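So this first bit is one chain, no partners, the form predicted alone, shown in structure tokens.
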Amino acid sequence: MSDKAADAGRRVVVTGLGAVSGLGLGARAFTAAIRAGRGGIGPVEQFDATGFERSLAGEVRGFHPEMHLRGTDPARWGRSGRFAAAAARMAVLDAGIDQRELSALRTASCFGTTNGESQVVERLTERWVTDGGLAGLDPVLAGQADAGRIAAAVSAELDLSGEALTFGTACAASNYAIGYSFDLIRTGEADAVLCGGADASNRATHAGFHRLGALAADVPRPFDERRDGIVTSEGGAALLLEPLDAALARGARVYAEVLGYGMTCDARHMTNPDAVSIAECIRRAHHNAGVKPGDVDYICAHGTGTRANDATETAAVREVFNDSPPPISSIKSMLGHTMGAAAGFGALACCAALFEGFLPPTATVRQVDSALGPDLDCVPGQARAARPRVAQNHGFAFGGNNAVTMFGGFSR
């Protein structure tokens, strides 16, 4: 592995992790569930699922935002904004940095989302229909509908004065946010960044995937020969990024180094991923990070649990890795598909794997689909003890948006 990215600017490290997920609240609970291969899928509770043939989701249970938010009133924000703000607060606490110190720095917030404040929009739509149109809308509720408020909620919670930017590049959005945050710090435009993604469970997304025939009957089973689709999910993931020298100066724990990222947008098809474009995205990420395929020890797959995704993603990986890919697994087998937060949770899993020394599993796979090629190691069951040095995190989205982030283990 070269130090190409480091030569191009400041080195960027991850010093804090936060998670609001169906696998638990906080990065420790999330990581413990991942290592044990424990799932968070259950019946839909966030909306009335009557009439849906498939009615499971990976929802966040027992989340009381007033127990986590200290700097802002939870009533100001929709569920996605609360997820992001709470996860960011957790990441700051995990990093052990004083909030006043963080506020005094040029600290930005960058978060991705697919559906924005979807529950707010659904309530507005319902009132529009039942209360006679525009005049019946609650102006306070209407003021919460802007998806841009997700990053703003983080800034309000932590009293940040830097850039607040919400990325709307769907299920790859968190990786876009992480890549942009990496550039802000690497180039000296920011001193610290809270980044990640957030999305709330909602009826419209569930109905859309149901209509596409893409929902699983029980749990998602990426790479399994009998997989039948995704399970919609929700949550918020946050990472605190700092320059390496600043992190070392304050004695911070360093989970991982952000090595670089790659992005492509082929726009070939609205829903079907494209293997050629994904392979190019991986190559760009390797080049940006200064790594070669042989340096990569683990891939956190996009791994939705659909046959189309598995076939395309695996083909792209095999092409880049000369048909000998490293272990590749999907945490969606436990978490479900958190949409715009998905790559954020993948990044969190990569950082934990590098720091603690394990490979996250594909918990629900029973028989690997032979059509995906020989010797595909998808880490079935539970986590595997290992010492990965470089982890590759995939995020792919409708419309041909692809983003891959690269993380490396750090030692003094």
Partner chain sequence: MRTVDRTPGVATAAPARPVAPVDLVAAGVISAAGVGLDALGDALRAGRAEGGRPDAARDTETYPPVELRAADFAAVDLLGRKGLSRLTRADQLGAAACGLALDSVADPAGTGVVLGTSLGSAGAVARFARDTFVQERPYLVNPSDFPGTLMNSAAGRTAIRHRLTDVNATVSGGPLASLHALRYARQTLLAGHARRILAGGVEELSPQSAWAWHRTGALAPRVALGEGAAVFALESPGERRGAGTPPLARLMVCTTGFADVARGALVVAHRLTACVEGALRRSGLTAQDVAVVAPGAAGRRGWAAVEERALRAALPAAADRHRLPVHAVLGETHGAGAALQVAGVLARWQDPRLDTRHEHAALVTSCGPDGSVGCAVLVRANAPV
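Numbering follows the first chain given and starts at 1. Note that the structure is a prediction, hence the values are computed from the model and not measured.
Just so you know, the form predicted in complex with the partner chain exists too; it's not on screen, but the next bit is about it.
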property: Among 154-162, 84-92, 313-321, 295-303, the region lying within 4.5 Å of the partner chain in the model of the complex by heavy atom distance; result: 154-162
property: R389 within 4.5 Å of the partner chain in the model of the complex, heavy atoms; result: no
property: G51: touches the partner chain in the model of the complex, heavy atom cutoff 4.5 angstroms; result: yes
property: Touches the partner chain in the model of the complex: R79 (any heavy atom, 4.5 Å); result: no
property: Any non-hydrogen atom of R211 within 4.5 angstroms of the partner chain in the model of the complex; result: yes
property: Candidate site T125, L184 and A267: all three near the partner chain in the model of the complex by heavy atom within 4.5 Å; result: yes
property: Contact residue in the model of the complex, from E189, D131, D228, E225 (heavy atom within 4.5 Å of the partner chain); result: E189
property: The partner chain in the model of the complex - contacting residues of 78-101, heavy atom within 4.5 Å; result: I97, E101
